[in-house]
Each structure stands twice: as C-alpha cells, then as structure tokens.
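Below you will find one chain, with nothing else, as structure tokens; this is the form predicted alone, and questions on how it binds or moves follow later.
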C-alpha cells in the first residue's frame, strides 16, 4: 500500500499506525496538482511494488458558497485540485493498469456534484469529477479496469477549516447539529465497491447523512 499527499508528517504518522496494526504502507510526499509529482508518485509505486491494483483519488478542496461570493483565486484552486489533480494521477496510472489487464480507479466526488447545490464552482468541479468517472468507465471497462465514483454528502472532516471565515460560518449554520457522515462511513462504501468480483463494476455510490435533505 502507498499513501500520497502533500503533508508528509501526517503520512508518516498514518504509515506508522498501519504498521502497528500489522500492515505495511509507503508514504510518498506528492502534490497531485503538479503533473510531474503525480506521475512520479505512480511510477514509484510500480517500481517498488511491481504493479498497481487500485488508484484511490481523494484529494479535494471546496468553497461551498454562491458564485458571487467565490473569488477567482478560489476558482483556480478548485479546478486545479478537483479536476487536474484527478486527471494527472489517472493519466499516469492507466498505461500500467492496461498492461496488467486489471485495476480499479476510485474517485471520491461529492453528492453536491450530482444533486447541484448553490455553490456554483465547487458543484461544477465535482459534477466534472462524476462525469469523468462515468465516461472513463465506459471507455476502459473493456480492459477490465473498473471505475467507481463515491459521492458523499456532509462528512465530518476538516473540509470547512480551509474555507474563508464567512463561508465556514454559513456552512456550519446550514448543517447545524446534524449527525454527519464519518470518514469510516465513506471508507465502508469504498470497501464495498472494491471487493466485488472482477466482473462487477459498482459505478456510483451516493451516501448522505440521514437528516440531510
């Protein structure tokens, strides 16, 4: 198993936890918005492991605000991370999976990308992620490469911590005391998709907190 992200300290800590539980994980410092780093990440995994069974694309940022309350700098960051940061790793991984005749690409999109919410740019980038997943599935299924889009609603993470204070406050007020999904809930959906038989492709899994409309 390999873990890749920008914050190497967190990766090292997570790899240690996996090791303590009897597993093994390779931490790789990489920014998926940089094409060379995304490609290098994939190449290192293949070099050290000999193959690439699954690519799990989870990087994402968002400003859950109306269009007129989103800056152009925020537009660019969301496009860079949510779209280009998705395409670069896939571009690097596909030749390896095609040569193997096997593989699974899991894209963590958002329920906001399917059931459009008035957060125009974020919804747009996640709609693109879901469309990329389905179009890619149709293109590469013949090569026995599966593609799954995981589309969660509100998840209790540090997602809002990266938003501007006014946007963060508005989002937190909107969610109120709702019991949100946990990272474990999303992981359970991913596990379900990737443990199906080779001839079964789970295209889309959308999961929401019970109280979220």
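Since the model is a prediction, treat every value here as computed from it, not as a measurement. Residue numbers count along the first chain shown, from 1.
Only in words, not in the display: the form predicted in complex with a small molecule, which the text now covers.
Heavy atoms of residue 31 reach within 4.5 Å of the small molecule in the model of the complex, making it an interface residue. Within this chain, residue 47 is remote from the site of the small molecule in the model of the complex, having no heavy atom within 4.5 Å. The small molecule is not drawn, but in the model of the complex it has no heavy atom within 4.5 Å of residue 3. In the model of the complex, the small molecule lies farther than 4.5 Å from every heavy atom of residue 27. Contact annotation: of the candidates 178, 56, 59, 39, the single residue with a non-hydrogen atom within 4.5 angstroms of the small molecule in the model of the complex is 59.
Just one of 52, 65, 145, 154 comes within 4.5 Å of the small molecule in the model of the complex, counting any heavy atom, and that one is 154. Remark: of stretches 137-145, 122-130, 67-75, 94-102, the one touching the small molecule in the model of the complex is 122-130 (heavy atom within 4.5 Å).
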